[in-house]
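Only one chain is shown below, in structure tokens, and it's the form predicted on its own.
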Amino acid sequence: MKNAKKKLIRYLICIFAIITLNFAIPRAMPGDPVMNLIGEDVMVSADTLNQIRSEIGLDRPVYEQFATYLWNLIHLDLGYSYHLHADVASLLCERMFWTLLFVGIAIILGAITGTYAGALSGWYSDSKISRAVTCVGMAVSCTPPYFLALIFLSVFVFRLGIFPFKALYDEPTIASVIHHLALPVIVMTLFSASRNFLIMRGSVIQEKNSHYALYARAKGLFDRGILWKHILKNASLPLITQVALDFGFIFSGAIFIEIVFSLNGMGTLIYDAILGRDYPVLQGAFLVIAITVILANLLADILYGIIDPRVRVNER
């Protein structure tokens, strides 16, 4: 119970720190939101500028703006977009569906393929195939997601013409959506799977020489049986932690991939908000991403307790 209370306090502190940073970081960017709103080539009087600032609440002191921001969050109000003239919550719900769709598919496929390939590569770590696949995995994991997306875009879109250039669909059908999202999902899956592969491989190499693995081998179990029945469970613990910690990194990578493929999701929404200095949209988008990462870490804590009984014993 004590550990559970400590975790709860830790998560609450993290949420407050995230809320504070979400408020401060957009305002630390250079540029004037009002000038971006009316356009740099438009000549307006100082009174007009002050009136616009007053209407969107930027004329007040920063601490008052922060207090209003907190008060609105308590009432689940994420604000109103300067440029898109819509509630931020509705904008995020509309855009987040597509981002979560292809990110969720990529994370699941990346976890499955990375775990399976990493386990086999770690078990047969001395083979040439394992070493070759490891080199490929290291190369992919070290490649920035946007650069990987640009390579796939150049090869499979511009040269081969297999996949469409941009947009989520030509017509709102399942086949059209799959055709448009296939390449971004493949890129995101490769990126996620490569990182999971390397972690699982190292974990299996460490676990296969442990005493319980030697004891299982002494009992006459086959190699594959030892791997899948005994080693995989313990070797997956570091992978669960990494996936939870890496969730925000994967999410940010997905945002860049969306920009490369011109997908109308969270990535393009954040990109346009940065260019327009749209504070409410940036605050809402960053808050949603941060809360998603926190929930992923909370889920990792729960899975840890389910897989490893020692965690449950220590929490009592």
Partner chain sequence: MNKKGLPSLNRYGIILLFVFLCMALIPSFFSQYDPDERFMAYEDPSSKHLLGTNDIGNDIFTELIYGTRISLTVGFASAIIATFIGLVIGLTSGYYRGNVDEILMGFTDVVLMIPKIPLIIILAAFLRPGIWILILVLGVLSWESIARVVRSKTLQIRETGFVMSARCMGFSPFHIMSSDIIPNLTHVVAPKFMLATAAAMISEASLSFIGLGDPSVKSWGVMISFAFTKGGFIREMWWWYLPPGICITLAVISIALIGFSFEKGKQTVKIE
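All figures in this text were calculated on a predicted structure; none of them were measured in a lab. Residue numbers count along the first chain shown, from 1.
What comes next is about the form predicted together with the partner chain, which does not appear here.
- Taking the partner from elsewhere, no residue among 48, 52 and 269 has a non-hydrogen atom within 4.5 angstroms of the partner chain in the model of the complex.
- Residue 154 belongs to the set of residues with a heavy atom inside 4.5 Å of the partner chain in the model of the complex.
- Interface residue remark: residue 18 is counted as part of the site for the partner chain in the model of the complex, having a heavy atom within 4.5 Å.
- Contact annotation: residue 146 falls within 4.5 Å of the partner chain in the model of the complex, judged by heavy atom distances.
- Among heavy atoms of residue 69, none comes within 4.5 Å of the partner chain in the model of the complex.
- For the options 96, 138, 177, 84, the residue carrying a heavy atom within 4.5 angstroms of the partner chain in the model of the complex is 138.
- From the list 107 to 115, 180 to 188, 84 to 92, 158 to 166, the contact stretch for the partner chain in the model of the complex under a 4.5 Å heavy atom rule is 158 to 166.
- Residues of 264 to 290 placing a heavy atom within 4.5 Å of the partner chain in the model of the complex, in sequence order: 270, 271, 274, 277, 279, 282, 283, 286, 289, 290.
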